[in-house]
Ligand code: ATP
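What follows is a single chain, given as structure tokens, in the form predicted alone.
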Amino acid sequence: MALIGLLGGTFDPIHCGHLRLAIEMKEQLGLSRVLLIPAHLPPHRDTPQVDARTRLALAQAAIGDIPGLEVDGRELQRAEASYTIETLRSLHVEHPGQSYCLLLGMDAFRNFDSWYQWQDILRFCHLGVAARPGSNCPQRGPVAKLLGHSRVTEPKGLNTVPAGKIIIREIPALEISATEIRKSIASKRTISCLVPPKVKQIICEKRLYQDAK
């Protein structure tokens, strides 16, 4: 069964950097598709400035007809914080036997041991870590130890077992920040080429992030 990628985030708002990361990792790892999963209340970030329903609509508008990208809104249906382990468990209940690859950036991976029930996450998926050119892997601590035990260097290594492997791939840097986008909107600066046109249209029509910080 083909491997499915999972990319979570607040997507507040979703931007071209998110989409490029998903596309690059899909192509490099040979994923059948990538599910973008907006978080309701992310435990490691501030509360999103835009409500869940609107962020879901922005994500759906962003992917448009991009082949292989889909939006999964399951975390937005929860009243409590969004934990990756719970999302993985729900996916496995719905699709027994399906293999997943959780996509995240190197900065998030370095702090992986701060995630809720992080020791159990690799029981349910592989990790695909997107690294900027020249960025360094963790050299010491629990995450470095985990990487030493679980790393594979080629995508085919993800197909030998249903879960438990980590692969690191360099992708072209596309330095776009949702925080800076929100600040640009509040300062009435253009966000063209930072977000997809349909996302920009919704932001303008609904006057989102006008007072963002």
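So that there is no doubt, residue numbering starts at 1 and follows the sequence shown. These figures come from a predicted structure and were not determined experimentally.
If you look for the form predicted together with this ligand, you will not find it shown, but the lines that follow are about it.
Three residues, A108, I171 and S177; all within 4.5 Å of this ligand in the predicted bound form via heavy atoms?
Yes, all three are in contact.
Can L7 be called a contact residue for this ligand in the predicted bound form at 4.5 Å between heavy atoms?
Because a heavy atom of L7 falls inside 4.5 Å of this ligand in the predicted bound form, the answer is yes.
Looking at the partner-bound form in the predicted bound form, is L21 within 4.5 Å of this ligand by any heavy atom?
Taking the distances in the predicted bound form, the answer for L21 is yes, it comes within 4.5 Å of this ligand.
Against this ligand in the predicted bound form, would L127 count as a contact residue? Criterion: heavy atoms within 4.5 Å.
No, no contact at 4.5 Å.
Would K165 show up as a contact with this ligand in the predicted bound form if we use heavy atoms at 4.5 Å?
No, K165 is distant from the partner.
Let me know the one among R132, H92, R74, R123 whose heavy atoms come within 4.5 Å of this ligand in the predicted bound form, would you?
Checking each option against this ligand in the predicted bound form, the one that comes within 4.5 Å is R132.
Spot the stretch among 61-69, 179-187, 26-34, 150-158 with residues whose non-hydrogen atoms come within 4.5 Å of this ligand in the predicted bound form.
Going through the listed ranges, the match is 179-187.
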